[in-house]
Every structure is written in structure tokens, then in C-alpha cells.
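Just the one chain here, laid out as C-alpha cells, in the form predicted alone.
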Amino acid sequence: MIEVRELSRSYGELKAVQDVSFSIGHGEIVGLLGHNGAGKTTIMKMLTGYLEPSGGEIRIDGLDIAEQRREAQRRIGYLAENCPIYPEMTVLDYLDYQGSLHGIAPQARRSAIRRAVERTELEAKATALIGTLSRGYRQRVGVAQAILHEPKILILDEPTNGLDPAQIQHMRSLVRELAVDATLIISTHILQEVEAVCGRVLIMRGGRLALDSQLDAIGRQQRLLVSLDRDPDEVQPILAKLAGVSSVSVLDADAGLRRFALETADLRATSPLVAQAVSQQGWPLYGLEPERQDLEALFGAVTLEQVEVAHG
């Protein structure tokens, strides 16, 4: 559904996005993460055709967005982080206006609006002026306009921004429902939202794609953390020879201690071997524990440049 190849965007000397490549298939829900300035919003604007790349290629449902922009945009629904909605219009008038922009025929527009209002639970505010709505309801209006034309691809920037816990739960359910017929890219600062609804994560760092991983693969990664007060040149050859250890890397140093990460297929079998090897060398063992494997830990490692760039 989405093919991105060597995508770049520069603003003068500033390289906001550099040589980013990925593909997203039908029905995937993909989280796009990164600190402010990492390039997330620039990528989303290029995917929707609102911003031209400085280099690279984007294909939406097989269409080259550079050559078939309008046709590609008809397949896309977009919720911007600060959704541009008109406060002087009612919810229904605004959605009717958006329907006309999407080219929905007048005879089909009413049912399309009704369905979008129902899916975003806006019935109670349908005739209210948008300017009188709370932030959470305005966010729902933004989602309603994004799904109004039932696009094949949805790009949502901070979709739960301003929603209360009950509304967040509803939004999660809606996202899963939409994924039955559409492909979704969700950008958010809330890692729990990605873990709740996404099957895959793309993490940006400094304009580059630092990680592309299935979320369930994150939990399968096996690393054992060992804290010692020895030099890496002394430690790595000893630990690398242990059965089941595929690699040994140095993570950081704190108060004279160094943490070593051991890649292993079996944490339970490797742990006593490490303890035994350390004891035989006469080294004090300050820590031996499995690495916490969740999205928050991985995001911190990637954005702090503690892991290598990876794809797959």
C-alpha cells in the first residue's frame, strides 16, 4: 500500500529527513515514533502530498505521488496534530464541506457523514458550533473528517491528543476497526498507545530511520545485562566464549562500573554460566539481570544511540 524509497527533505542546510526507506502493507497499523525534530511530521506531510520531497520516491497504492498526486490523495485520510477546523461552522456543516472537497456525491454524502459521526461518537454534538467544543470533541471532529471518504490509508498525528481515558479506549477500538479495510500510520508521543494498537514500529532519529521492527519481536529479544568494574578488552573475550552467547556489547559506564549486554537464546541457561565465569576470574559481580524488553526501553536505547540502526 505504501512504498517509500530513499526519501529525503532539506530546508536549506537542514536535512530534516535523510534517505528513509520502508514499505507498509494492507491492514497494518504502524506506529511512527521519535523525539521532536526527528522528522516524523515531515514524513507524514510528504506521504500525504502536502510537502514535496527533496529526493526519493513515494508510492501510494501503486501510484507515484509525484506524478499522480490527486489520485493518490483520494486514497488518504489525514489527521494533522493541530487539526485545522473552522470554529464558526457546526460539526455537520464542516463534515458536509469536507465531503464536497473529497468529491463525495451529494446523494451519498449524508450517509457518509452519518457513518463518520456514529463511528466517532459525535451524535450529541452534531449541530454544535465547533468553536464551542472541548479539545477532545474537536479531536474527534478531526478524525471524522479523516475517515469520511473511507480512505484506504489513514495517517493520524496524535489521534488521542486531548481525549479522556474513556475516549482513548473508544479511539483504540475505532483504530482496530478501521484496520480491517485500511492501512494506518499513527504518530504519537504516548508509547502505550503504540503498544495498545500497533503491530509494528518505525523509530526516527535525527532525520533517519533508526529502527523498523514488529512489536512482538521486541519481546523476543534476549539480552543479559552484566555489571562489572573491569575494562571491556578484558571482559569481552571471556564472556563471548560462553556457550549460548552470540555477542557481547558495552552499554555504558557509571561510577566506575560498566554494563555489558550479552545476546543469548536462553537467559536461564546463560545466567549461571556468566556467574561462574566471573567468579573464576575473581571479578566482583555487581549486577546480573535480563534486560527489560518493552517499547519504552527500546525507544530510549534507539534515541540515545545505544543500539545499532536496524531494519526488519
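Don't overthink the numbering: it's just position in the shown sequence, from 1. Treat the numbers as computed from the prediction; the structure is a model and nothing was measured.
Just so you know, the form predicted in complex with a small molecule exists too; it's not on screen, but the next bit is about it.
Asker: Considering Leu47, Ile29, Ala38, Ala261, which brings a non-hydrogen atom within 4.5 Å of the small molecule in the model of the complex?
Answerer: That would be Ala38.
Asker: Just one of Asp229, Asp212, Glu81, Glu195 has a heavy atom within 4.5 angstroms of the small molecule in the model of the complex, so which one?
Answerer: If I apply the 4.5 Å criterion carefully, the residue I get is Glu81.
Asker: Should the three residues Tyr86, Thr90 and Ala128 be counted as contacting the small molecule in the model of the complex, with contact defined as a heavy atom within 4.5 Å for each?
Answerer: Verified in the model of the complex; spot residues all out of contact, no.
Asker: Does the small molecule get within 4.5 angstroms of any non-hydrogen atom of Val20 in the model of the complex?
Answerer: No, Val20 stays farther than 4.5 Å from the small molecule in the model of the complex.
Asker: Quick one: is Thr42 in contact with the small molecule in the model of the complex, heavy atoms, 4.5 Å cut-off?
Answerer: Flag for Thr42 set to yes.
Asker: Does at least one non-hydrogen atom of Val302 fall within 4.5 angstroms of the small molecule in the model of the complex?
Answerer: No, no contact at 4.5 Å.
Asker: Whether Arg223 contacts the small molecule in the model of the complex should be assessed with a 4.5 Å heavy atom distance threshold; does it?
Answerer: Flag for Arg223 set to no.
Asker: So which stretch, 59-67, 30-38, 273-281, 248-256, is the one near the small molecule in the model of the complex (non-hydrogen atoms, 4.5 Å)?
Answerer: After filtering at 4.5 Å, what remains is 30-38.
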